[in-house]
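Below you will find one chain, with nothing else, as C-alpha cells; this is the form predicted alone, and questions on how it binds or moves follow later.
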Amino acid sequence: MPRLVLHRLPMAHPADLAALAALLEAGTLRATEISAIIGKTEGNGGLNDFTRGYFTQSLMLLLGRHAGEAPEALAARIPCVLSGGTEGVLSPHYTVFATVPGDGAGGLAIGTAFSPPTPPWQLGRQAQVAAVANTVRAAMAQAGIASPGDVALVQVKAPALQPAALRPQDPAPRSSAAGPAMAYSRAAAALGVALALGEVPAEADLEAALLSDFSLYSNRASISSGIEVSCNEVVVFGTAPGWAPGPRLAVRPLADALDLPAICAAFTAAGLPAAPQLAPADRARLGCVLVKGEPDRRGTIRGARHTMLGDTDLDPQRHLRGALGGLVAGVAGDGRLFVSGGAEHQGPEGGGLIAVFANG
C-alpha cells in the first residue's frame, strides 16, 4: 500500500542538492520513490529566470546517478515545479514528495501526469485549457482519485512562451511580451484545472474568459509557468482508497493579500494551530506550504489604494511575494514557503489560495 512522505530541504544556491544527496546516500530515500518536487529558487520569477532550469538540470543529473536512468527520462516522469523569487523573509528551499510502502488506510494520495508538448501558439488558448484538463484527469486516475470532489489541490507547471522558438510559418502566439505570455499560460492552466474539477461550466467559452472574466476560477489550483518546461506538468493531491496514512493537507482560498484569518484557518485545519504563531513543536511538523496571490487589478485592497501595479522600478509580483510571504511566514515562524505571484483564475480576483501540509 503506498504512503506519501514529504522532505522539505534547504537550498544554499540554485544547484544545491546536498540535502537530497545525503538522504539518497544514506538510504533514507530512494530516487525511484520520488513522485514530484516543488520548490522556490532565488531568481526573479520572470521569463528570464534561469535558476529554475539550473536547479531542474542539477536535480535530474543527481537522480539519474542514483536511479540508473537517463536524466531526460526522469525529467519526463517526475514533475519539478519551481517558482522563482524569494523576496523578503522567504527562503530558497524545495520539498520532495515521495511514495513509499505503508500500512493502514485513509491517507493523502498523489498523482502526476504530463501533457503532450505544447506549441507556443497554443499557450493561453483553448487547446492549453483542454490539455491541462485532460492531464489533471490522467493524474487523478494514476492516484486512484475517482471523483473531482476528492481532489484537494492541483499544482501545475505550465510552459511559457520562448519567442526564439517561433518560426515564420507558425501561427501567431496569444502574446509575445514576457509578462502577458506567462499570465495567459497560467490562466489557461488554471481554467483547465477548473474544467477538470467541474468548477466552471463545461460549455463556457474559456478562451475568451482568460484574463477577462475573473468570476471563473478554481479554488484548488496553484499554477506556475516558465521556459524550463515544454509541456504542462501536473501534480494532484486528494483522497483515494488504498493510500496509507501520511501527511495532512488543508487548502483555503484567500480573499485578498491581507486574508490572515484564512491563513490561520488553513494551518489550524492541518492540525497546526496558529495562536498567533506556530509553537516550536508544531513548526517541526510543518511539511510544506504553498501560497498563491496577486496584486489586485482594481488597484485597491479593502478600499485602500496600493501601488504595486504602478511601480516602474519593481515588478508587481515581487511586491506581492514579499508582502504575502511575510504575512504567512509570520504565522508559520518559518520562511521556507512556496509563495508565488500570478494567481490569475486561481481563487477570487485579487485573492489566491494557501495549502498547508503537516507531517505526523
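None of the values given here were measured: they were computed from a predicted structure. Residues carry their position along the shown sequence, with the first being 1.
Same protein, other form: the form predicted together with another copy of the chain, not shown, and the subject of what follows.
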item	value
Pro101, Pro116, Gly271, Pro276 - the one with a heavy atom within 4.5 Å of another copy of the chain in the predicted complex	Pro276
4.5 Å heavy atom contact, Cys264 to another copy of the chain in the predicted complex	yes
Contact of Leu260 with another copy of the chain in the predicted complex (heavy atom, 4.5 Å)	yes
Gln142, heavy atom within 4.5 angstroms of another copy of the chain in the predicted complex	no
Distance check, Ala12 to another copy of the chain in the predicted complex, heavy atom within 4.5 Å	yes
Options 87 to 95, 211 to 219, 108 to 116, 185 to 193; stretch whose heavy atom lies within 4.5 Å of another copy of the chain in the predicted complex	87 to 95
Contact set, 40 to 58 vs another copy of the chain in the predicted complex - heavy atom within 4.5 angstroms	Glu42, Asn44, Gly46, Leu47, Asn48, Phe50, Thr51, Gly53, Tyr54, Gln57, Ser58
